[in-house]
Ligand SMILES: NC(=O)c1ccc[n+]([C@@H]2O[C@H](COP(=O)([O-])OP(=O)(O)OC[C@H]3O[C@@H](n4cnc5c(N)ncnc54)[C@H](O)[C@@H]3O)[C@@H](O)[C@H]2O)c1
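Consider the single chain below, provided in structure tokens and representing the form predicted on its own.
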């Protein structure tokens, strides 16, 4: 059986995460790497035995490379997308799609009718608990959804000035990077967004040490109101809660593998998504730790021509980024921003 051979653009933290997951799959292998940092590329070569390439275009154009994984810094994503599309290769791009609306619009143009596989790194879609929430909402367990709260503090932010992750123009701060996952989940659960209002620090560089905070409200066309809070701080709590409230109760998803159901006029009930009952229904168990592996399996299956359900698309990536950019615009202008954004 011919293995699907991938090349990775970007040998940093996420590049190594994806490389490690590919190494666990019999159907795929990592064959090449490109990184502007030669030491990073060399480290990946020594660990996985891959060939080092000297540009994104050279890697994508290699005849023995079947697919490209873009794991470079956010502001460099378009370079990898252009290279992969130019070489007509299957493509996976880490989230967010790009840093700017201009770059995202070009990516959307390149990819919306692209004949090869494309997906984006919204890894939380592959968690059993996220899929279970999607199922329960569709079944009407809590009735008509009214509002959603996302609480996403991170108290271990350690980046220092000089790192691209502290440059707002390059990373987009906590809004574009960290919150992108939960914005995608909200879009997946609730549909198309209508408007955005937000306030945020936007990685204000006057701070002695980098930190960030954002709070926003996204209103969806179906009436759902989504309240979002996220932070990068150097102390305090770290956590993850998504609370969805409807007319007949609430569903709460946190960092564990248990969903809590709060029914109207009843006692709260744990829904253990790792139970044998779920497995018996054919639901593959995916927790936070192995979601990246399932994401890799889905990518390989799609490249081989298999059917994959709910694989994030370029439109999903664009919609998540658009809401993030609208939050930034709102924070700067202190005004409600209507969607879609004007390109």
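These numbers come from a predicted model, not from an experiment. Positions refer to the first chain, counted from 1.
Although not depicted, the form predicted together with this ligand is the subject of the following passage.
The stretch that touches this ligand in the predicted bound form, counting heavy atoms within 4.5 Å, is 163 to 171, out of 146 to 154, 163 to 171, 190 to 198, 252 to 260. The contact residue chosen from 78, 123, 185, 273 relative to this ligand in the predicted bound form is 123, the criterion being a non-hydrogen atom within 4.5 angstroms. For the candidate set 40, 57, 308, 293, a heavy atom within 4.5 Å of this ligand in the predicted bound form is found for exactly one residue, namely 40. Within 4.5 Å of any heavy atom of this ligand in the predicted bound form lies no heavy atom of residue 326. Proximity of residue 96 to this ligand in the predicted bound form falls within the 4.5 Å heavy atom cutoff. Within 4.5 Å of any heavy atom of this ligand in the predicted bound form lies no heavy atom of residue 134. Contact annotation for residue 19: none of its heavy atoms lies within 4.5 Å of this ligand in the predicted bound form.
Residues of 9 to 45 that come within 4.5 Å of this ligand in the predicted bound form, judged by any heavy atom, are 9, 10, 11, 12, 13, 14, 15, 34, 35, 36, 37, 40 in sequence order.
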